[in-house]
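Same chain, two forms, each on its own as structure tokens: structure 1, then structure 2.
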Structure 1
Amino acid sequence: MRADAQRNQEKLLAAAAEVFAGAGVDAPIRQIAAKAGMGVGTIYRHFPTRSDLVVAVFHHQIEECAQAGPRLLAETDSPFAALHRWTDLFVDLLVTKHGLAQALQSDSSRFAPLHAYFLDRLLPVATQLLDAAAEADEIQPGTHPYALLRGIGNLCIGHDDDPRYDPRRLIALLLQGLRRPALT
């Protein structure tokens, strides 16, 4: 029976992820319930607020991304390179799980738990990477990790609306701008 419940949870999370990607994180609950093959009541039982569901949906991905930070830092001699590669993973997270970027930028009161979880896990990672790069004198200091996360998150919005818009390129420019020596 536990296995059943497990299976159901996964079906729900998969359905929610799909719907969030297709219709945004404000998609009707009924739509998710329908795709998951269950009643809306079941969803409300497990995830009383929409934010709870969103957190659950993005939990794994955020976790993986968080864990990649220290690993990348250990794997290379250049903290800046590690930072760069980590932002790539972060962007993957945001553009693959369409809906996450939207949820993160959304009116802060809604999705507050998602914000909290997101920052709780990723802010230390970004801090570590930035600090390491600054200590190695590869970048100028003074950029708040929060600003970096949020900036990258914002740049990922609408990533597939128009071929002229390539968030990775802009992010690369942003990181380039961090490098020393600063050009006037």
Structure 2
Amino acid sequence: MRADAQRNQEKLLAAAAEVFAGAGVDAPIRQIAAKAGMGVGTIYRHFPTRSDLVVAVFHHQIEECAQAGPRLLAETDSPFAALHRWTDLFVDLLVTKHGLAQALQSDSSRFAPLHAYFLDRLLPVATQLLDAAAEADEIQPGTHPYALLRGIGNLCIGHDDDPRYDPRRLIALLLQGLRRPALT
């Protein structure tokens, strides 16, 4: 893909993610087009169905989240702080995927590979972050990455139904529970 086409696709996927996060995956395509600064026809040319666009956005966000883990470890003094910042990105990903299952209901064959891709890309990152924090003696060893991601995912349930509920507070408490007790 040419560099300008790649930038346009990145711009479109970022706009769609932002619109989906605020309005769900049923948001009007014209709203996404306006946010991206392009025509509706351009979106349909690249993504003929809504589920094509939703899958592309989710795939793009999985990649961004996966790439952020090692970057955060490299630029943060504390592996635990990197883990905490990464979980914030992971929560953004989960909140944005609101409505994904409904959008793909008519094509469940597309959801299974996407879920597998989700796990294949994000479990190694969670493992790397947890291992680094344990090696730095910032958390107790033995936390299973799948259990952590699943727990965070479960805490995000209900976010859409109740504007008073912010899963980030409970997730922060969950992460604090991983901390190694202070030695006195």
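For clarity, a rigid core is taken as the largest C-alpha set superposing within 1.5 Å between two forms. Residue numbering: sequential along structure 1, first residue numbered 1. Here the structure is a predicted model, which is why all the values come from computation and not from measurement.
Structures 1 and 2, same chain in two forms; the form predicted together with the DNA is found in structure 1. In this comparison between the two structures, the rigid parts meet at a hinge, and the single option from Val25, Phe58, Ala126, Ile32 located at it is Phe58.
Superposing C-alpha atoms between the two structures reveals a rigid-body rotation of the smaller part against the larger of 50 degrees. CA movement of Gly39 between the two structures equals 18.0 Å, with the two forms superposed on the rigid core. Summarising the core-aligned comparison between the two structures, the C-alpha atom of Asp52 is found to shift 7.7 Å.
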